[in-house]
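One chain is shown next in structure tokens, namely the form predicted on its own.
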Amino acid sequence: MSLLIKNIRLLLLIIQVCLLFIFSSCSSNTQQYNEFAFNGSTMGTTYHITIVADSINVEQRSRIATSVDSLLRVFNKRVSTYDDQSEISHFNQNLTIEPVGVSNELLHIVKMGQDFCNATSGAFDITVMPLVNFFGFGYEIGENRFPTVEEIDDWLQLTGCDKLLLGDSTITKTDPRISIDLSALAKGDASDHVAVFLKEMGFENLFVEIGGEIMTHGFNKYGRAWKIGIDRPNYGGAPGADLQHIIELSGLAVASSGDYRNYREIEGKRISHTIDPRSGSPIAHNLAAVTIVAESCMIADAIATSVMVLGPEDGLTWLKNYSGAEGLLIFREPDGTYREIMTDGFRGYLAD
């Protein structure tokens, strides 16, 4: 069942990119630039990259695709919990309370997770891995039952910002059983890294998408900002079939979090993959989806998850007080209709 679920998720992501994200639009400017698009797999998901330039020959295309794939393989070896030989897996498997030496890259992501944990009073928490695994949204199959109160209480002893101590090049667990999950940061960070890497190669017009998290620079092949579709959060709906909005971005990142695509049925109840680390349970409110625009894809990724966990009222208040990000919140009403709230700055990204 685990392999089937992963294959289904992979197929959905491929369809999502083909249908949901609209790379270009009709324009009165008939000039079209050369476009080079390629894709692959990383961190248990897929990536899709588009480069627009005056000229990219066959040799350059091969070199670019190979270089990006190599970069993401190295990144995967740092942060993927699906690879039991990755750096994060070795850290999780290290059952000691001694300082563990880690790479600068892993330390950077963990520090960002700790910053968001403190900023959200624990609503965003990378030490939530045991709960993610139990509910079947991690690298383990998961249980087909709800946990007992005693089990949740035990797990909550292993979660929290104070359970990890960060040094200049080390991370220390306060309890050897603690394990971390960077899924709400890693894909966004990888998108940022790939975009920087390609810009350093001299390419200014980029669309980088990894697992649905997107970083944009410059323009598309029509000489316009990149167009991106935002799905209406219908359970079981085909990606791209029913769009809530289309936005236009250049030089900005966008990330989304929602309850409508990655979910499970347990004891006849649908549960979201987003776990509230404060309660030890999947979220249970009417906030169905959050889309965030920010300068960094990793930050947009973390904010989207944070707002989903915080919920309708607290999440919106927290987002409005966060400097440097704009967002769209979509609520599912009892009668099945949707209601939305967006920040004032988000309106400026809506396509005409």
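This one's a predicted model, so the numbers in the text were calculated from it and none came from an experiment. Sequential numbering from 1, following the sequence displayed.
The next section is about a form of this same protein that is not shown, the form predicted in complex with a small molecule.
- The closest non-hydrogen atom of Ala289 lies beyond 4.5 Å of the small molecule in the model of the complex.
- Taking the partner from elsewhere, Ser86 is found to have every heavy atom lying beyond 4.5 Å of the small molecule in the model of the complex.
- With a 4.5 Å cutoff on heavy atoms, Gly229 does not count as touching the small molecule in the model of the complex; it lies far away.
- Shown alone here, Glu209 lies farther than 4.5 Å from the small molecule in the model of the complex, counting heavy atoms only.
- Exactly one of the stretches 249 to 257, 192 to 200, 69 to 77, 103 to 111 approaches the small molecule in the model of the complex with heavy atoms within 4.5 Å, and it is 249 to 257.
- Heavy atoms of every residue among Val132, Ser183 and Lys187 are located within 4.5 Å of the small molecule in the model of the complex.
- Only one of the listed residues (Lys163, His245, Lys221, His273) places a non-hydrogen atom within 4.5 angstroms of the small molecule in the model of the complex, and that residue is His273.
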